[in-house]
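Below you will find one chain, with nothing else, as C-alpha cells; this is the form predicted alone, and questions on how it binds or moves follow later.
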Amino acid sequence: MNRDSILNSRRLSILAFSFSFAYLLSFLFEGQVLYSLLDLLEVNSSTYILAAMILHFLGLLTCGLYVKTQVVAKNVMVAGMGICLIATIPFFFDPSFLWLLGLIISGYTSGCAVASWGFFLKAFTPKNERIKSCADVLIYSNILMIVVNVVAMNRSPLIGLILSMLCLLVGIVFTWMLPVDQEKDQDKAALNKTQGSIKNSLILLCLFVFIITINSGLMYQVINPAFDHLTGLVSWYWAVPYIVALAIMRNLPTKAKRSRILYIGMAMIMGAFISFMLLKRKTSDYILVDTLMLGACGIYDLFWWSILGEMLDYSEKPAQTFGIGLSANVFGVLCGGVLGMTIRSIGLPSAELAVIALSVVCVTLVMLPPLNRQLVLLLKSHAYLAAYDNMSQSQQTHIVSQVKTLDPLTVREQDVLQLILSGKSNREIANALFISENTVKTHARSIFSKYDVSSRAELISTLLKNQTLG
C-alpha cells in the first residue's frame, strides 16, 4: 500500500471500531440503554450485567487462539457484530430467557470482534501514531455513546436501543470495507513465536490494568447509583471529562513527561472518592466527583491502550495481545463491580460505602508506583528503536560495541543487526541487502544466539539499556 492508501485505511479502521465500540459502551458493557430497559421493566440488572461482562471477558481472552491473520480478523469482526445485531432483537419484546441468552452470545462475539481490531491497529497505524489512533477511537465512540444515552435516558430506551444497533450496523459496513493483505498474513504466519520479555511485559501490563480498573467497577456500583436523580445531567455529562482528558493526552508533545500525569490521575481518583464521601448529592457535587473520576479514567485508559498499541509491533498475534490486554480491563471492572454490589447489599450508608471504596483505592495506589516504574522501563525499551535511529553513526557503533557477544558477529550479521536496530522488518532487511527473507531469519537467529537473547525486543533492551545520547 502507498501512504495515501494506508492513511485512508487507518481512518476507515478507526471509524469501524468507533461505531461498533459505541454499541458496546451504550448497550452491552454496563450501557445506559440496557440499564434503562431493565429499570423500565423493573427487572433485576445484576444477573444480566454480570453475564454480559463475563462472556465479553472470555471473548477477549480466547479470540487470539484462532484469529491469526488479517483475513480471519476481518471475518470475525463482521460476523461478531452481525451476531450481536441479531442477539439484540429480543430486547424489543418482553423479558424472557432470550434476553440472557442474547447477552451471553453478544458478550462473547463482541469480545472477539474487539480483540480482532488489533490486526488493523497494527497494520494501518505507525507505531509512533498509535496513541492518537487509540485516543480517536475512544473519543469518537464515547461521543456516539453520549448521543445514544441522552435519547435512552430522556426519551425512550427503545429508541436508544435502535440507535445503538444503528451504530453497530454502520460499524459492520465500515469493517466490510477494510482492505486486507493476504500475502502479509502468510509471511507473518511463518514467523517464529515471540518469547521472553514481551510475554512478561504483557503480564505486567495486565496486572497494572486490572488494579487501576477495579476503581471503575466501584464507580459503577458506588458512585453512579447515588446520583440517579440527576438523570438529565448524567445522560450527557457522564463521559465529557473522559473525552476532554483523552483529547489533552492525545495532543501532548512527544517529549512531555506523561509519567507525571499518571500521578495526577491517582490524586484525581482519591479526590473523587473523598469528595463523594464529604459532599452531598447536588448537581455541583456530581460535576466535581464525575470530573475527577472520569478525567482520571481517560488518563489511564489512553496510557495502557497506547502501551498495548506499541506492543503489537513485537507480537505476531495482534488479536491475542490486544485481547488479553483489554480482558484485564474488563476483569478489573467486573471484580470492582462485584465488590461494589456486595458492599451495597449489606445496606451500609453511602458515607461508609465511600470509606470502604476509598480504602480499596488506597491499597491499589500503594501498589501502583512500583508497577509504574517497571512500565516506564518497559516503554523506554520499546522506544529504543526511535532513540537509536536518531543517533549519529559513531554513537550507534559505540552502543553496539559496549555489549560483548558470545562469539564475534560476521560482517553480514553486523549489517543485519544495524537494520534490526533501525526498526526494519525481515522483508525490508532482505530488500536492503539483496538476500532472501529466510537468510535474514537465519542471520537474526545467529545474532540472538550470540547475544544470548530470544527476541528482537530483548536484543534491543540488552544493547541499549545503558545508552547515553550525549
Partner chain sequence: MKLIRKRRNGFVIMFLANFCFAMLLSFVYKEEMVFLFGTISLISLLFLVRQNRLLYDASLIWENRILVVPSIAPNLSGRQIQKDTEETVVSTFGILLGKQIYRWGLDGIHGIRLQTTLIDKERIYLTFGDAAQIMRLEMLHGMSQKKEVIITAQKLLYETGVQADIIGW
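Rigid core: the largest C-alpha set superposing within 1.5 Å between the two forms. Owing to the predicted nature of the structure, the values given are computational and were not obtained by experimental measurement. Residue numbers count along the first chain shown, from 1.
Heads up, the form predicted together with the partner chain isn't pictured, but that's what we're talking about next.
Looking at residue 462, you'd find every heavy atom of it more than 4.5 angstroms from the partner chain in the predicted bound form. Contact annotation for residue 410: at least one heavy atom lies within 4.5 Å of the partner chain in the predicted bound form. The shortest heavy atom separation between residue 445 and the partner chain in the predicted bound form is within 4.5 Å.
Residue contact with the partner chain in the predicted bound form: residue 428 places no heavy atom within 4.5 Å of it. Residues within 4.5 angstroms of the partner chain in the predicted bound form, judged by any non-hydrogen atom, belong to 412-420 and to none of the other stretches in 44-52, 22-30, 62-70, 412-420. Along 430-451, residues 435, 436, 438, 439, 442, 443, 445, 446, 449, 450 each place a heavy atom within 4.5 Å of the partner chain in the predicted bound form. Once the rigid core is overlaid between the shown form and the other one, residue 39 does not reach a Cα shift of 2 Å, moving by less than that. Annotation for residue 447: C-alpha shift of 2 angstroms or more between the shown form and the other one, rigid core superposed. Taking 2 Å as the criterion, residue 49 does not count as shifted between the shown form and the other one: its C-alpha moves by less than this amount when the rigid core is aligned.
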